[in-house]
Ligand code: WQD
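In structure tokens, the next block holds one chain alone, the form predicted on its own.
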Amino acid sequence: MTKATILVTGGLGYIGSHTVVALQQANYEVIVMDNLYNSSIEVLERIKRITGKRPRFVKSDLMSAKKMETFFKANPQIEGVIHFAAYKSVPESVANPLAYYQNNVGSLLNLLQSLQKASCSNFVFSSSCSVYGQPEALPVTESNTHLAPTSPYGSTKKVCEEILQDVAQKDVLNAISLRYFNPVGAHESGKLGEDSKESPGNLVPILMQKALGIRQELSVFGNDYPTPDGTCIRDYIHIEDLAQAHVSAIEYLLAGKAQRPHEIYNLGTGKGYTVLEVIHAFERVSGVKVYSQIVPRRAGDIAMIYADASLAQNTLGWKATRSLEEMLLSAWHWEQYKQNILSKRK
């Protein structure tokens, strides 16, 4: 039996596409909206291969308020929105902060204005642990008094959360902000994973490219942080665990279980790994030796962060279950699959 209709913005991106799969497998009707800025239309076919169903796709840009209003008028059946569409690179945000504020904040405002007119109240927002800056205590909880974010990207997420808080207090809006830690890995089928048009800026996809010989260098940004081996510590979460959290969040809202107009949840495993630990774990599961080089620290990076995700477990009934080794092995299978497809096209 088909459940509610959910709009997924940025639904062909890395996290969005895996969430679409999870929603369809849970029998939700899904409409994907994406402008294909940093994604590919081919993802629709990959989703179909996994779920047996191609989601309805709408190519549109959230920066057009008029297009958004027209879309929601034509689709009154939408009962919930999961909003992924945004720029997401920390280094890029440092280099071009205005573009990040304009796109990430502007698109949310347009979307909320359209939802207000459409009387659609269930909203899940893709936030980030970057809103915490460098936490004063670890593991970081949602109630931590966080410092200022250390990048414009993190600042846009913080501003968006504040907008949701203010709007939810005033209007009929049930909103959840999910603060991700570091999503990695790929779908268990090996046929869906991270496939950005842009050069990757995150450790795991760069690590995969180095292992495949696509990339000549693997840079480790700083080895003088106050951590066991001097490299940054992050909490890595498997993409399928993360996708399932969005299903849990939208089900929680649709069931009318929200206790406050705007709720915030950390999504992580509660365990941090250094950059070098991740590299060594990949070498173990893949059997591939990967050489890295230490370079100066990168602007916008913090020393360490990992989550206390007990609130999500206790309230949403969600918990991350997959190990770091499972994350890295699934990412490796995906990258091999992707390179095989590319080689056949040549």
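No experiment lies behind these values; they were computed from the predicted model shown. Don't overthink the numbering: it's just position in the shown sequence, from 1.
Just so you know, the form predicted in complex with the ligand exists too; it's not on screen, but the next bit is about it.
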- Item | Contact residue in the model of the complex, from F84, Y180, Y132, Y100 (heavy atom within 4.5 Å of the ligand) | Y180
- Query: So which of N174, N75, S219, N110 reaches within 4.5 angstroms of the ligand in the model of the complex, heavy atom to heavy atom?
  - Reply: S219
- Message: Is it the case that R46, even though its partner is missing from this view, gets within 4.5 Å of the ligand in the model of the complex, heavy atoms only?
- Response: no
- Hey, in the model of the complex, does V90 get a heavy atom within 4.5 angstroms of the ligand? yes
- Message: Please tell me whether any heavy atom belonging to N266 falls inside 4.5 Å of a heavy atom of the ligand, as the geometry stands in the model of the complex.
- Response: no
- Item | Heavy atom of F125 within 4.5 Å of the ligand in the model of the complex | no
- Message: Looking at 111-119, 256-264, 220-228, 132-140, which stretch has residues with any non-hydrogen atom within 4.5 Å of the ligand in the model of the complex?
- Response: 220-228
- Counting only heavy atoms, which residues in 308-338 are within 4.5 Å of the ligand in the model of the complex? none
